[in-house]
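Just one chain follows, in the form predicted on its own, and it is written as C-alpha cells.
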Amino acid sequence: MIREIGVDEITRQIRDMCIQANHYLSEDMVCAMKEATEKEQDPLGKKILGQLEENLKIAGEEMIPICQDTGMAVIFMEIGQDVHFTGGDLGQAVEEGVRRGYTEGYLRKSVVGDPLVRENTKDNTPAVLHTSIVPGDQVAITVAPKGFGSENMSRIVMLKPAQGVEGVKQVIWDTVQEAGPNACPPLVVGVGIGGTFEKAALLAKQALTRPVGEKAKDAHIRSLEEEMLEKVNRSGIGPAGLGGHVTALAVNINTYATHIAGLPVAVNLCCHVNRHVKRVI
C-alpha cells in the first residue's frame, strides 16, 4: 500500500527541527552533561561544566541559540519504500525547510556557496542531505547542525589491514589529542571503521547522532568504545581544554564491511552540544 506524503510537510518538519536543534539540547545530551558534572573531580573542570549547563538552561528559557555557530545543516532521511512524495521536488523541499528554519529562526547563516569564492548564501543553504531507502511507509528525519570548530578537527585515515585494532585506537587517540581545546570539549567522538573512503566518514557522522549512552551491538566494538572513552578521559584535556577528567561524553563507533586490502578509519568530533533531532512521519 503506497502512502503519499506532501513535500510541504517535509519542509515544515525540517524548518521546525532546525530551530529546535539549535535552541534545545537533546534529552540524551542533557543527561550526559548532568552526569559529567557529577563525575568531574577537578574543581575547575566542574566549574566549567556548571557554566556550560547554565548556558544551556538560559538558551532554552530565552530562545537563544545554544552555540553562536549554528552550523551547517546535515540531514539524514530514511525513506520507506512504500512512500510516495507529492507536490514537488523532495530535495527542494528540504532546502526550503533549512532556508525557513535559519531565516525565520534568526539563526546565524554560515554557508558559502563556492568553497573558494566564499560568498555567503545568506540562508544557510545548501544543506548536506543523506538519504536511504528502508522497508515501510514512514520517513525518519534526523537534523544535525554541525559547527565547524569541531568539524575542522576531524580526520580520515586509510590504515593498512595489518595495523588492525591498535592502529584504529591510535587514530582516535591522535585525533583527540591534536584537537585539544579546539573542538570545545567535552566531546562526543564519532568513529567510522570500514567501507570505503567516503563510507567511513559517513559512518562517523552517523555515529554522532546515536544517543549518548546507547552502546554498540557487537561486543568487541562495545568494548572498544568503553576502552577509548576511558583513555580519552585520562588525557587531562578536560572541559574547555582547561584540565579535568571529562574530555569526552561518549565514543560512538559504527562499522561496515570493507575490502581485504583496506582499513579506513574516520573520526568526526563534535562539541558538547552535539545537536541532533529526530522525528518520524
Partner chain sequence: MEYRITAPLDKNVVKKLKAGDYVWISGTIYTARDAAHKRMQETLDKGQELPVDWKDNIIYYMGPSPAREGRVIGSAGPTTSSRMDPYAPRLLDMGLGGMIGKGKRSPAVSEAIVQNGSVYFAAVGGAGALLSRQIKKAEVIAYDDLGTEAIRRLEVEDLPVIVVIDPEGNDLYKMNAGNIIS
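Positions refer to the first chain, counted from 1. These numbers were taken from a predicted model, which means no experiment stands behind them.
Keep in mind that the form predicted together with its partner chain is not shown, yet the notes after this line are about it.
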Just to confirm the contact call: exactly one of 104-112, 200-208, 129-137, 86-94 touches its partner chain in the predicted bound form at a 4.5 Å heavy atom cutoff, so which is it? 104-112
Could you tell me which one of Thr37, Asn233, Thr255, Ser26 places a heavy atom within 4.5 Å of its partner chain in the predicted bound form? Asn233
Run the contact test on Glu54, Ala59 and Leu242 with a 4.5 Å heavy atom cut-off to its partner chain in the predicted bound form and return yes or no. yes
Would you classify Lys47 as touching its partner chain in the predicted bound form, given a 4.5 Å non-hydrogen atom cut-off? yes
Using 4.5 Å between non-hydrogen atoms, is Val273 touching its partner chain in the predicted bound form? yes
Would you classify Gly194 as touching its partner chain in the predicted bound form, given a 4.5 Å non-hydrogen atom cut-off? no
When the contact criterion is heavy atoms within 4.5 Å, does Ile66 count as touching its partner chain in the predicted bound form? yes
Even though the chain is shown alone, can you say which residues of 166-200 have a heavy atom within 4.5 Å of its partner chain in the predicted bound form? Trp173, Gln177, Glu178, Ala179, Gly180, Pro181, Asn182, Cys184
